[in-house]
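Just one chain follows, in the form predicted on its own, and it is written as structure tokens.
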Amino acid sequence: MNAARAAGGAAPSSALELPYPYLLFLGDTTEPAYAKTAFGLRDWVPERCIGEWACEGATVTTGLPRLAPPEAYAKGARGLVIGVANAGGVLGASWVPLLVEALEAGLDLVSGLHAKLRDVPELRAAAARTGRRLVDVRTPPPNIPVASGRKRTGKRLLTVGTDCALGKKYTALALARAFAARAVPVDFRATGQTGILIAGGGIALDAVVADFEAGAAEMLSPEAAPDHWDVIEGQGSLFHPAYAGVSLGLLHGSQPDVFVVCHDPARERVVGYPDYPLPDIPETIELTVQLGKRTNPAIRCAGVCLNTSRLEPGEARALLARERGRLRLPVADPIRAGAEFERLVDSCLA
């Protein structure tokens, strides 16, 4: 069973018709954190990924075969996905000729950037000429309401972070898959471009007008049966100097019963903002409870997920054990899984 199916479906009226298998486009990226869309698709829906392509000078790779668009099309690819989530969500001018080449090879273009494919004249003209589609997934649905603040039936879990791009999506997907494996009714609710591409639907919260962010979160996670869980992908960080507003709107609108803190222990500074140190885990828990109680007084922290990808297995196990003792909460790495992760799942469902 693939990860997207195990994690559940899209929210009502938010499903997308996506042209996969995909060729993943890495642009001119030299910072791995900015290629999180490509890595997320590779890791969670590998059966949809044919290969990768990039501009000259790019240094990031997913490890997939490097294929030009005609080669990828011949191998079955039907869409080129921009696998970059850079600061500001901009589309590089140097990318445009390569994207036109992809359209001419028969591939639709799919983007989760803030910049819209349809706003680039060369791409719009090439798509019209070739009969191909330009799919911008970071487009909110119409008629999002202002949040009501009303308590909804069903249960909700939100992943929150000490920074961007450190594991909130991976943690949410892993927890949703673990819930499903225990026959717990569950849906993964995507709130960012990569999650939407994995799940096939969702709402990109950072593309919603600020006054409607909490309402979008309510819309994304509607009333459900009492035993049903929505596992909601977190965005940004409540401490982030640029993106905290999105995180707060999502927290208030999702009204989580449970949250899990995600943290990269190898990171000391906010990515892209070196003057700002990362908050520590206890203060992240404290602030999330303080703000989350506004719309769900029963909110609680079920545990912590650490991104230990830069550590050897023995080092990772030792760190998880130390943090579990320090925080007195389950602490796990969702990708390494194991007994620590199962204890976290127990805590979430308790």
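Rigid core (definition): largest C-alpha set, two forms, superposition within 1.5 Å. Numbering starts at 1 and follows the sequence shown. The structure presented is a predicted model; accordingly, all values stated were derived computationally and were not measured.
From this point on, the text means the form predicted together with another copy of the chain, which you will not see here.
Colleague: Which listed residue (Val146, Ala128, Ala181, Ala266) meets the criterion of a heavy atom within 4.5 Å of another copy of the chain in the predicted complex?
Modeller: The residue from Val146, Ala128, Ala181, Ala266 that makes the contact is Val146.
Colleague: Report the residue, out of Gly106, Gly89, Pro185, Pro279, that has at least one non-hydrogen atom within 4.5 angstroms of another copy of the chain in the predicted complex.
Modeller: Exactly one listed residue reaches within 4.5 Å, namely Pro279.
Colleague: Is there a non-hydrogen atom of Thr30 within 4.5 angstroms of a non-hydrogen atom of another copy of the chain in the predicted complex?
Modeller: Result no; Thr30 lies far from another copy of the chain in the predicted complex.
Colleague: At the 4.5 Å heavy atom threshold, is Pro241 in contact with another copy of the chain in the predicted complex?
Modeller: Close contact exists here: in the predicted complex, Pro241 approaches another copy of the chain to within 4.5 Å, heavy atoms only.
Colleague: Taking heavy atoms and a 4.5 Å cut-off, does Glu71 contact another copy of the chain in the predicted complex?
Modeller: Flag for Glu71 set to no.
Colleague: Heavy atoms within 4.5 Å of another copy of the chain in the predicted complex: does Val231 have any?
Modeller: Flag for Val231 set to no.
Colleague: Tell me which stretch of 248-256, 76-84, 172-180, 120-128 has a heavy atom within 4.5 angstroms of another copy of the chain in the predicted complex.
Modeller: Partner-contacting stretch among the options: 248-256.
Colleague: With another copy of the chain taken in the predicted complex, which residues across 179-202 come within 4.5 angstroms through any non-hydrogen atom?
Modeller: Counting only heavy atoms within 4.5 Å of another copy of the chain in the predicted complex, no residue of 179-202 makes contact.
Colleague: Rigid core aligned, does the Cα position of Pro265 differ by 2 Å or more between this form and the one not shown?
Modeller: After core superposition, the C-alpha of Pro265 moves less than 2 Å between this form and the one not shown.
Colleague: Can we say the CA of Gly89 moves by at least 2 Å between this form and the one not shown when the core is superposed?
Modeller: Passes the 2 Å threshold, so yes.
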